[in-house]
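One chain is shown next in structure tokens, namely the form predicted alone.
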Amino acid sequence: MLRTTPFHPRTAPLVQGQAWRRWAGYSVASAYELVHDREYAAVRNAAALFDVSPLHKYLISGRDAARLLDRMVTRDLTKCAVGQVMYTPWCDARGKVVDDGTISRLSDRVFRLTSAEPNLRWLSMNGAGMEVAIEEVSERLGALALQGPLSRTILQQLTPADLGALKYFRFIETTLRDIPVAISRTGYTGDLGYEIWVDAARAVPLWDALVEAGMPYGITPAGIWALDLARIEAGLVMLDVDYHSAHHALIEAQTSSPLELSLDWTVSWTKGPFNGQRPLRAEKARGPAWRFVGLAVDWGSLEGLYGEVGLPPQLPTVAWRTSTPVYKDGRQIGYASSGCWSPLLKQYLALAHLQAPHFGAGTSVEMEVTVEHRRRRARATVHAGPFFDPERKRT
């Protein structure tokens, strides 16, 4: 039976079309309204409120807490200061990604790790023989993501903390209308935004406070459909959509390294030993065989394919999550794993895995599209980095 999040008493009555989705054993809203257009618009123009409580959450504490995490993940945890958040993948011994998430340093010997999949067993295996306590707090801790250009303005109405001084990927412990919370300047939309962590017992009052304060600023509860559009525009990878966990892959070809996922920047090449270090160093030396990139589909090409059958282009209203072949000079060179029509950028976008040497920015390729039940190919251009990366996200 699917569980419900601590915010369910408030979110459930808002889901007009009963569009629910399974996420880590929880039932969450795909969209609150019958279409998700207004929810997406709030992300980019006002503030959208996402319930992200299904994230798996772990407290790692003790003398060897930092040692355990530093040995497990690819980032250099010795450089993570108290009050800092680090995004990182972690790998198996072959250098293939098991999962990715964030690590927050709550104090000198206490960390909070979030992940998409259960990682308690993996943490325990890596911590064998160390002086460390690993506690799953997923059900005890509710989480909301307030994302959009007015998110700071709304939060500042409720807290005595100076959010203007909170840097990107940092967090503070404070109160929102006397409710104890931790606020991190993080998110999954590629925009200015915050994630708010609260004891599950105080979840409903927190929701009420945010909605009340945010109403004059256009705050809008938003679901997974809107989040999917935003994260594709931001070029953010998603587990079980854009890559498989090395623990669940059935064959070697289904696994990915951080370099193949274009996460080179998360790998510290100078720190001490960590899982997958040797294979990753060898891969760096020879160059990755694959890269995770963006594709911008050429509008004229797409329009022409539909025009041949007398139709205007048929655009997806919801982001798709299917494997779609990508070609170069008539040969398949990779596949797109997710894509969407970007309402903001007015462009058809996709995220794709391409083989060397075809993943350089500006490379012309073709992506398969289905036009009136026939498989055709539309021209596209390889795009490195996020499609949407506003300055307000960091400043």
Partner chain sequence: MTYDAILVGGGHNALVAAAYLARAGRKTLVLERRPLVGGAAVTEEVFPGFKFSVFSYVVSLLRPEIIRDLDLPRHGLQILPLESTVVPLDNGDYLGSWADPDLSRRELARHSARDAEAATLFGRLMHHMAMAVKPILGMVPPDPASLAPSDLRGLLSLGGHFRSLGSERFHALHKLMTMSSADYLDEWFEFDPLKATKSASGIIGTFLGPRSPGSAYVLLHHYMGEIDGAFRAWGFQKGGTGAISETIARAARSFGAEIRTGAAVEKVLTKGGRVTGVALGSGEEIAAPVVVSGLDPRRTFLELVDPKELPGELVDAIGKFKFRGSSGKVNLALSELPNFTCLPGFGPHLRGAMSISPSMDYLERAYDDAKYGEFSRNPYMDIVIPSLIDPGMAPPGKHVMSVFVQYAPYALNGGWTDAKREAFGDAVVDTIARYAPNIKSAILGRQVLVPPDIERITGLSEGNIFAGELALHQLFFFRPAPGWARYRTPVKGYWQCGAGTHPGGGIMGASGRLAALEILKEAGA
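Positions refer to the first chain, counted from 1. Every value quoted in this text rests on a predicted model; they were computed, and no experiment measured them.
Not on display, but discussed next: the form predicted together with its partner chain.
- Proximity to its partner chain in the predicted bound form, defined as a heavy atom within 4.5 Å, singles out one entry of 211, 311, 133, 137, which is 311.
- A heavy atom within 4.5 Å of its partner chain in the predicted bound form is found for one listed residue only; from 269, 320, 265, 299, this is 299.
- Only one of 311-319, 123-131, 199-207, 106-114 lies within 4.5 Å of its partner chain in the predicted bound form by heavy atoms, and it is 311-319.
- Looking at residue 216, you'd find a heavy atom of it within 4.5 angstroms of its partner chain in the predicted bound form.
- At the 4.5 Å threshold, heavy atoms of residue 46 reach its partner chain in the predicted bound form.
- Residue contact with its partner chain in the predicted bound form: residue 347 places a heavy atom within 4.5 Å of it.
- Within this chain, residue 41 lines the site of its partner chain in the predicted bound form, having a heavy atom no more than 4.5 Å away.
- Shown here without its partner chain, the chain has 33, 34, 35, 37, 38, 41 in 25-41 lying with a heavy atom within 4.5 Å of that partner in the predicted bound form.
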